[in-house]
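As a starting point, one isolated chain is supplied in structure tokens, in the form predicted on its own.
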Amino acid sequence: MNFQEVARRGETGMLMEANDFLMQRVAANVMKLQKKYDIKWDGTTLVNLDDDLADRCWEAGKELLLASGVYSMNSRRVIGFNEEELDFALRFAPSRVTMGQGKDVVTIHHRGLEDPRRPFIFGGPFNADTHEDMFVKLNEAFAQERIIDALFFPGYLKELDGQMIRPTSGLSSRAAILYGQWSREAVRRAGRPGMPITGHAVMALNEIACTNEAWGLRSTDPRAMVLISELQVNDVTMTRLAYYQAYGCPIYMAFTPLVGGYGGGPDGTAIIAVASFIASILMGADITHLGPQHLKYKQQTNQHSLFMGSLANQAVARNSHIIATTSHTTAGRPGSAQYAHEFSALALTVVASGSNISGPRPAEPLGFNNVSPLMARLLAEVAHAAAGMTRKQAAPIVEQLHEKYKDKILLKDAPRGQPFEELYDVKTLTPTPEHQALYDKVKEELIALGLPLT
């Protein structure tokens, strides 16, 4: 299966309305497959400990993708696949990808269940709205954290030169060019000129303007694509896929199956997540990104998302060599202890389940620059400490962390937090004493819970 054939099927596949695809091909089949493979959540477990359940979820996910295909939203066509094509794609999916240049070359690997190897860390602003006068400083502060392997989504420029940016305008292209230039400048300032930068400047075709080997995003930088919930793709992603595959970039494919949506609960949604992992490989992904999103809570650390993230990642880790990473989107915001409690719970869950790490970010940022490089460091430290832990070791720590924030996962109830310029000295790019004290306090809490942080 090559992209040429995928694109052709996007124009010639079965004609179908989006609602019919989602109801008849996704939701109806999920219900059948849950019964066929006996995939049920007990309502309390946060970290799946049942290997057979993970294997059944994998088989159900494969079967769902064969039954549903991927829906092309603009052409209203179904991109279908057969079992031979699916198996062939999985056979030749990369198990390791090298990115970056020079002394800053790094490699991400497929991780197995309870894998002792440290997970790869994607860390950065994670698409936070970022002021143009803070863009380089923010990203330099992330890039100077050596524990971060790849700068992640350097931030959205929504305003430029005092003007709001329209996504398809000429100003959008100018913003994309500056995104590339400023991201590269940030990693240079941090002493990591070849550090890989994972990103997209705007979610439109003008984003291609940030690509330049000399001053922007390079062929050795992963480029992010999106499968839209559930199992859908639009023309912007298809066009960007065609360009970046031809350019030679590693393809980073993200998807956010919605708990409470067409898959129902976390058990049914885990089946969609597995299908999305495999669909991403068929579409040309090298690295796959699961966002265990919840339709009601609009974040990824609630009990449903924790279980779904553990089950789906375990299914992939046990039955394939797909490179998986998981995003960490929280109700709490940077500057609060809840922010760290939430992303630590999810990191422990998914690292023990075979995933790498992307994040963290607040689900509902309050204004511009609502990020903390110090908290990205803490997430990475938690993820490294979780490497090699068994699920049985991780599960009670996850439960204790979940108890700390479970009553404040609604966004309106979560701590408001603070922006970067209140958490850091923007001249020295060092945390304020108060923010450093919060980091130290949470780290002590995590050690007391049994996490082997050093």
Partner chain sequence: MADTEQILAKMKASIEAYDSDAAVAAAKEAATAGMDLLVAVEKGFAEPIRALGEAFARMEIFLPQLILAANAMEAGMAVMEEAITAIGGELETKGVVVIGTVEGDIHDIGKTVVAAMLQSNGYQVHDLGVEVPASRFIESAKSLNADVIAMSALLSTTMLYQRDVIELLNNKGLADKYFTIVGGAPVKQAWADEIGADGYASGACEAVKLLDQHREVWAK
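On a predicted model such as this, the values are computed, not experimentally measured, just so you know. Numbering follows the first chain given and starts at 1.
There is another form of this protein, the form predicted together with the partner chain, and it is not shown here; the text below is about that form.
- Listed stretches are 423-431, 391-399, 23-31, 45-53; the contact stretch with the partner chain in the predicted complex is 23-31, by a heavy atom cutoff of 4.5 Å.
- Using a 4.5 Å heavy atom cutoff, Asp129, Gly261 and Lys298 all lie near the partner chain in the predicted complex.
- When you look in the predicted complex, the only residue of Met238, Met253, Ile165, Val187 with a non-hydrogen atom within 4.5 Å of the partner chain is Ile165.
- Checked against the partner chain in the predicted complex, the candidates Tyr244, Tyr156, Trp182, Phe81 yield a single residue with a heavy atom inside 4.5 Å, and that residue is Tyr156.
- Within 4.5 Å of any heavy atom of the partner chain in the predicted complex lies no heavy atom of Gly194.
- For His294, a non-hydrogen atom is located within 4.5 Å of the partner chain in the predicted complex, even though that partner is not displayed.
- Among residues of the shown chain, Thr12 is not one whose heavy atoms approach the partner chain to within 4.5 Å in the predicted complex.
- Using a 4.5 Å cutoff between non-hydrogen atoms, Glu145 does not count as a contact of the partner chain in the predicted complex.
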